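Two forms of a single protein chain come next, each set out by itself as structure tokens; they are called structure 1 and structure 2.
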Structure 1
Amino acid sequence: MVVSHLVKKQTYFDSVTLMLIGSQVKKLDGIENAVVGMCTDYNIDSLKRLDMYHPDFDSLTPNDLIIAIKGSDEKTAKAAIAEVETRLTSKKKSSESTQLVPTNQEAAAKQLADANMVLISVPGEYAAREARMALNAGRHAMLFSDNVSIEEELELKTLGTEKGLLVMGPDCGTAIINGVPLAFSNAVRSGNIGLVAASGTGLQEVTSTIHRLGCGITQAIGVGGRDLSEKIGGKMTIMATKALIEDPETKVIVLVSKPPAESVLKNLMSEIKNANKPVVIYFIGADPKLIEAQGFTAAKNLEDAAVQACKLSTGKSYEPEFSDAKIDEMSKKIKLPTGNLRGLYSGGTLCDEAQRILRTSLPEIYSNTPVKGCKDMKDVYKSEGNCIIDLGDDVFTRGKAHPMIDPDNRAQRMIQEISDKSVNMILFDVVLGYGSHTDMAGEMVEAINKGKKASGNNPVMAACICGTQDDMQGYSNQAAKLEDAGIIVFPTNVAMVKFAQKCLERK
């Protein structure tokens, strides 16, 4: 094996573009590894760890691009570098327009003077600076970036609440504001349900279900996973909920979050107690009695939050798309052999939800993000026993794009799990919408077929699709691809997990 490299000074690309190109080039014949990235501390560490470091990198800055390829021989490695360059050139060309492209927020604001929202997905160490700049200029900020300290988050949210401006995030993947889906969001109909959520896929699951049930939304405001922590005090949740209470278009409010800190829950309840409209709350794992005691509706899960919101918004009756009776019937067709269950999730909240439901049916569940009653995996790269894994967790996404964007990591893991003879059932999610891969179902089917062919194993496969028919991938198109490959498809994670539960009961 030889390592070849190319440095392009003062050439900046965003990390997702670079990681996707690196991932594609790694698949070429004769290539063992590829690092395509800016000269950040993390990439330098990776290069050293992979034995691909070169002294040429010593004097570089985070504005310099490194392409390093480990290949079977020099010719192959050099050809891969040329391939990376071609892909980068085509990316540059496709994003170029006749207009002068600004290189910072200030210059961008000169071109779009009345911009009122800044969508920030720059490396975490620079994200707070950009958000601060946005707020000081009177613009709302959505921070997709992670690795922003909680102190910075507090400072930004304090500034945001003083100015009445949204600070969505950090680590906020989903929002639909005034009908505009930002980052990872679904094409959802307008309506009269307003949502505030400290969970990206949680918000996607609830909004998509509301759409499929025939209702619609006013706003879907993401606040970032730490908003209801003791330190942040629910600043954005409170501000956004109060704004929805005052909004005449919003008839029902839905709140979704992990359980808030006790003092924050108390304060939130007191702040919104005079809401003159119904509030549906799903605080994952929280005691529903606490919510009902305040006169609010406690939802049992994400699907139920959507069903309850639809009922309250129209006064009509709504049921989950797959009833318990239907799920029971479906499970009767399955003869599950003894073995282990595996869940391969790209959505963190969906992974969490699956563990909470299945922990009552399985003696032991392991996860890289275990909920109460589940256990930490000994080795996150190798499953043992029943495992429900969040492949979007930081441990899997360092130097790799999120599995909703780049299916590569999950496809490899899928093949690995199918080749494990102890596995009797695999559950996974397919998240559609803006930002997501254009054909996740197709990519998963390809990996599943490969895994089955190579191992001869044939575990029961089930998938849930988070999305709508109006998403660019199209719900029915993705469902058909999965079903044609023998995968059992569910409209929600809860329906899929209940099905798994029924199959386990029958075993």
Structure 2
Amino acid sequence: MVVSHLVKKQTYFDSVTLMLIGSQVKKLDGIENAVVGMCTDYNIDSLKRLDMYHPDFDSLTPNDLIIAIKGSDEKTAKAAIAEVETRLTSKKKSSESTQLVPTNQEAAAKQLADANMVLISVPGEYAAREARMALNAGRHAMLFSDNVSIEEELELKTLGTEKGLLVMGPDCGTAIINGVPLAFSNAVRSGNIGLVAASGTGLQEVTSTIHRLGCGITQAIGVGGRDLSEKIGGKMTIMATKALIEDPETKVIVLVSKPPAESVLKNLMSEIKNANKPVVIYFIGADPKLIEAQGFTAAKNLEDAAVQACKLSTGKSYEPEFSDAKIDEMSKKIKLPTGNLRGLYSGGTLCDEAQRILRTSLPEIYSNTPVKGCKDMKDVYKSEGNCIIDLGDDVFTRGKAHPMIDPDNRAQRMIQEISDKSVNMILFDVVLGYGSHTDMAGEMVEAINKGKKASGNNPVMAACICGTQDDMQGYSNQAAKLEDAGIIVFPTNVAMVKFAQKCLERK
């Protein structure tokens, strides 16, 4: 194999465009790997890990574009570089021929004068400025951007509270406002259940499950993963919950979050204790007795939050899609050899949930985002023992598209984990919906087949699908692709992790 490269200085393309082109070129005959991206710290680190780095990259800046190809020979690699250039040129011409796109927030506001919300997706260093501009103009702000300091978040949410405006985020990946999906979200029906979540994939998991159970939602409001931290104090969770209490269309309220600070939890309970509507709460790690003592319904997990909400919504009885008995029966068919478990998640809350369920069944678990009782990975790029990884964490997305959009990093990691002879089971999520890759199941199957073929290793593979049949990818279509490849498919993360737990008990 040889590595060829081309540098295009002061040439910018967005990360999604570069991801798509890189993925397409990587599938050409004779191409082992391709990195097409801006010269960010993350992409430089990736090139070094892939043994594709060249000294020519030393003096570059994030404004410079790198095309690096590893091919079977020099001719093949250079032909692939030429193909990348052709695709970039075509993309640029296509962009120039379309309607003029506003270059700043003020220009956009003039084109859509009635808009009262601004979705911000710019590098973190500029996001707070854009959010402040939106708030001062009387508009709610949703910050998809990550890498915003907690000090800036506090300043923005304090300003938002003063003005009565929502600040959703930073790192807010999911919302459905007045039926409009924003960022990552799923195609779900309208109904009478309103949700507030300091968790993107947690919100997707609950709304998708509600839909599959036959119910629907009014609003799904994301607030960013740090909102219930000690420093932020749950400012937006409180504001959004109070808005749902006042909303005549909302009959049931669901609150979802990673572990909240104890003082913040108590303050939140005090603020909403007089709600005249049932409230279902799933705060990972919070004491359910404390929640129930305040008159709220405590859910056991994300799946149960959806089940409880549907019961309160209709007054009917609902059960999880996969019963414990069915999961137990499925696990009996698995002969799990001695070895280690790996979880490769694109959803941070799903990663947390998996750790919390499995930590009682495994002697130790390592993670890049460890929950209480689990251990920090020594090297996030190299697994050890039983490892459950959040590949959507900031360390993996700095300067690169989220793994729900760009499957490349997770595909490479999948091949790496399958090649580890100590691994006997791999769990992963497939998140469907707006913003997500058009065929994540297909991409994962391709990586799994490649890893098995290269290593001869054949671990048990299980996947959970977060989505609905109405998503553009189609739930049943994605499930069929996974099942045809011998992957065991579950409708929720909880069902999949319970299955793994049963298999471990029988090992």
Partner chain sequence: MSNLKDFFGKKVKVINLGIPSFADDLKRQNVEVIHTDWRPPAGGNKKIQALLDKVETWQNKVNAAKGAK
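Rigid core (definition): largest C-alpha set, two forms, superposition within 1.5 Å. Residue indices: 1-based, along structure 1. What you see is a predicted model, and the numbers here were worked out from it, not measured in a lab.
The form predicted alone corresponds to structure 2, not structure 1. Met269 shows a C-alpha shift below 2 Å between structure 1 and structure 2 [criterion: core-superposed Cα displacement of 2 Å].
In the core-superposed comparison between structure 1 and structure 2, the C-alpha atom of Thr314 has shifted by less than 2 angstroms. Once the cores line up, the CA of Leu358 ends up less than 2 angstroms apart between structure 1 and structure 2.
When the core is overlaid, the C-alpha of Thr86 ends up 3.6 Å from its other position between structure 1 and structure 2. Once the core of the two forms is superposed, the Cα of Gly22 has moved 5.6 Å between structure 1 and structure 2.
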